[in-house]
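In structure tokens, one chain follows: the form predicted alone.
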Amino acid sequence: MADAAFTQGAETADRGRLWVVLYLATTGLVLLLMMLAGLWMRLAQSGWLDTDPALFYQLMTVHGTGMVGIAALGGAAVLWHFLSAHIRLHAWVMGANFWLFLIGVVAILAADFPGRFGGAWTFLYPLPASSQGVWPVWAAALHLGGLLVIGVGFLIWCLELARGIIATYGGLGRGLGWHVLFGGSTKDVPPPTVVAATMVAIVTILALIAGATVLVMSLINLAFPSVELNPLLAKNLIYFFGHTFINATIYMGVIAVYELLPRITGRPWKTTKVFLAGWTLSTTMVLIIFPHHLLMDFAMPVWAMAIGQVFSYVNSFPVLVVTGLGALAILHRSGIRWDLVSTLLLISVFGWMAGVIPAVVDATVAVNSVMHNTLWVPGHFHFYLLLGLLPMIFAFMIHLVRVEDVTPRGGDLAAILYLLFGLTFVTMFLVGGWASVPRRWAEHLPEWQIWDQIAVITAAGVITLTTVFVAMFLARTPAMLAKG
């Protein structure tokens, strides 16, 4: 029976590995398509490409929704691969999530292009039902339904994470290391991967429940217009879901840093009480800081605004400090050989930490009142994703398929070029925001277009290097799978 259990466990691990590869391949290909959609929009704003405004908003909706979804798919691959070494997970859950993801994507694409839905990823009530004839009701329903299907898939996936952690460690609190942090125990100390995965499971489950609630409410409103929603409640649910979910994707991806830097340097990433306290604080605060997205909504309670501003400052420190200082401590005098993987990992830590700065600036009421509806906002979240999360995913991709921890010579140069192109690209957003260029405008005035044009050139550089990273992964995947 022991042999049978071992065989079953090995087969489950193999299937899980195949799903991880499929997630990453899908992430790479869809990511490139979403980047091209983003390039199209910047070309339109730069005046170099004449684009119908209706098409612009369809592209904006697909780009925003697609980037959030594909960031989650890539982050899920990172987390699942490394967490599977610590707890037993059922591979069929990865398959269920993947197929539900594809069904949802097909529905969204049908809604946004043939159906012409252009209500952005935020789908703020009552916009889906009040398009003034730009899109039909069925397109709005199909888009929201597609989001709901994708959310159900990720909810199943997160519940499996929670189940595995509870089965192995005895509870989610123990997965966060509370028995060590508060009880002083030295037994069953969870590794950093388990701590991060526990946090992801908790916050993402709550976010997805909120998202599903507002999606169902919106679908009911589409079917029965007489059933009206409270617009402020709907907006709170949407931003609680959206803010928490996209942040969780970075917490998934940072596991690559916790796992790969110790392997590269030969130094362990220890689970200290400071580390556990940082993750516990972030688990709490990431759930309550979303009101900084609603600082300009005068109907919001003042206490909620205060929470949104104050905790936006505080939340920036716990995990970032333990991750940033931990990475520097491991790297210091380690004699590390800088290659593509190690350089991408260092860039990801920089991107995550530096991306906090424009986010905190925007969360300040005095600044938010003049900057929130400008290009500053897409500047700060492109900073997080382009220079924080994506390098984590690229590093994991290359690590998974490289032979004997060797990457091609000059790989570190490719990573540095990615940093330079990406940093210039996001800076053009921030400069535009500083100059009060409005966001979500299909056309820009001539005096704004110089920044758009620089962004187009640097975006092309980012897309070229992303193509290199993805092609490297896809080209080596067959040999990696054959090797087992």
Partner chain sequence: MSIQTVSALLSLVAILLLAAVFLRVRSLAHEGREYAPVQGNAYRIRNIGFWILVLVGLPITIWLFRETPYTAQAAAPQVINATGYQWYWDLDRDEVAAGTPVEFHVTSADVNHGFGIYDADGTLVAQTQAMPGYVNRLTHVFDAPGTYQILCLEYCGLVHHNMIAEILVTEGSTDG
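Positions refer to the first chain, counted from 1. Being a predicted model, the structure only gives us computed values, none of them experimental.
Keep in mind that the form predicted in complex with its partner chain is not shown, yet the notes after this line are about it.
In the model of the complex, its partner chain sits within 4.5 Å of a heavy atom belonging to F350. Although the partner is absent from this view, W338 contacts its partner chain in the model of the complex, with a non-hydrogen atom inside 4.5 angstroms. Though the partner is left out of this view, P126 does reach within 4.5 Å of its partner chain in the model of the complex, counting heavy atoms only.
When its partner chain is considered in the model of the complex, K235 lines it closely, a heavy atom lying within 4.5 Å. Annotated contact segment (heavy atom within 4.5 Å of its partner chain in the model of the complex): 363 to 371, selected among 185 to 193, 101 to 109, 214 to 222, 363 to 371. Using a 4.5 angstroms heavy atom cutoff to its partner chain in the model of the complex, all of V134, M305 and A329 count as contacting. Residue in contact with its partner chain in the model of the complex (any heavy atom within 4.5 Å), chosen from T283, S84, T272, T168: T272.
P358 is the sole member of G153, G146, G115, P358 with a non-hydrogen atom within 4.5 Å of its partner chain in the model of the complex.
Scanning 210 to 234 for heavy atoms within 4.5 Å of its partner chain in the model of the complex gives N230, P231, L232 in sequence order.
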